[in-house]
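Presented as structure tokens, the chain that follows is alone, the form predicted on its own.
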């Protein structure tokens, strides 16, 4: 008897090209899950989630397709994974409305992710933004996903989905599995600004998978650094595992940008090279211009095969259209079954 596969759902917001943070933090893990016979993988372009914050329409048209192209270019396989558009499956929005009857406004308003978005977009605090976690719960439960690989900042949303699933099962007799936060154990990729991780929402913080060598060189050159010489302190207790080392230059100033640079060096060159540079930092000092130029070249060499595959895929418009429609239909087939079950349980199905 064949083992029942666990279903995985993940998605990336359609707000432009994928970047290094997506690639090392999520995509490599998504590729591993795709090749694991224990999992059935659904990877969506979260375009409906993307319009919960301000966006430019014409740029957005391209961004949606860019995510699919990037998915394919990095190696996600439409024969092994369902690569679909969230907005092409209307059942996401229908289920989100049903599920919204099971969670309070107060609960949504107290989520840290909502509070953060309110700070970022104080003039655009919409109902869509408030309902973001409910739509995310609908995304997950629509496919009855067991595992949801997301960043740690999205953990509160998984808890909302679990709460909604539990309440729905208890009140209406549905059989939603309680989704689990799934850690892909991806690499942490720091922001080029020296603050936090790479993010598409922070200008100047990221390197796109599509960036050419000159663009990468310019971005890496802007990583804030210091005099090139100082001391390194290790913090004993810190809640954020990525803030356990502090670089302090000879003027006594803390340099967060140097930490980002060293983390990227370790990611692309290895831990030994990082240790070598750190020894020079504490002794004779570093020449950042040379280090940054070499790092930029290594990043570009990593991305070049992806970019070449992407260029070839972009030419195959009929192929892209076919795999997108095929994947959208596969997603709809699953979604239609779930909605039919939910409507019957909610007493919303056609009376015969």
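Under this definition, the rigid core comprises the largest set of C-alpha atoms superposing within 1.5 Å between the forms. Since this is a predicted model, take the numbers as computed values, not measurements. Residue numbers count along the first chain shown, from 1.
Heads up, the form predicted together with a small molecule isn't pictured, but that's what we're talking about next.
Residue 188, heavy atom within 4.5 angstroms of the small molecule in the predicted complex: Although the small molecule is absent here, residue 188 would touch it in the predicted complex, with heavy atoms inside 4.5 Å.
4.5 Å heavy atom contact, residue 224 and the small molecule in the predicted complex: No.
Distance check, residue 83 to the small molecule in the predicted complex, heavy atom within 4.5 Å: Taking the distances in the predicted complex, the answer for residue 83 is no, it never comes within 4.5 Å of the small molecule.
is_contact(residue 165, the small molecule) in the predicted complex, heavy atom dist at most 4.5 Å: Heavy-atom contact with the small molecule at 4.5 Å: absent for residue 165.
Joint contact, 150, 154 and 200 to the small molecule in the predicted complex, by non-hydrogen atom at 4.5 Å: Every residue of the candidate spot has a heavy atom within 4.5 Å of the small molecule in the predicted complex.
Per-stretch contact check against the small molecule in the predicted complex, the hit in 94-102, 171-179, 190-198, 123-131 (non-hydrogen atom, 4.5 angstroms): One stretch meets the cut-off, namely 190-198.
Residue (of 68, 286, 46, 295) lying close to the small molecule in the predicted complex, criterion heavy atoms within 4.5 Å: Of the listed residues, the single hit is 46.
Did residue 11 shift 2 Å or more between this form and the one not shown, C-alpha, core superposed: No; residue 11 is a residue whose C-alpha shifts by less than 2 Å between this form and the one not shown when the cores are overlaid.
CA of residue 69, rigid core aligned, shift of 2 Å or more between this form and the one not shown: Result for residue 69: no, shift under 2 Å.
Displaced residue check between this form and the one not shown: residue 26, CA, 2 Å or over, core reference: True for residue 26: a C-alpha shift of 2 Å or more.
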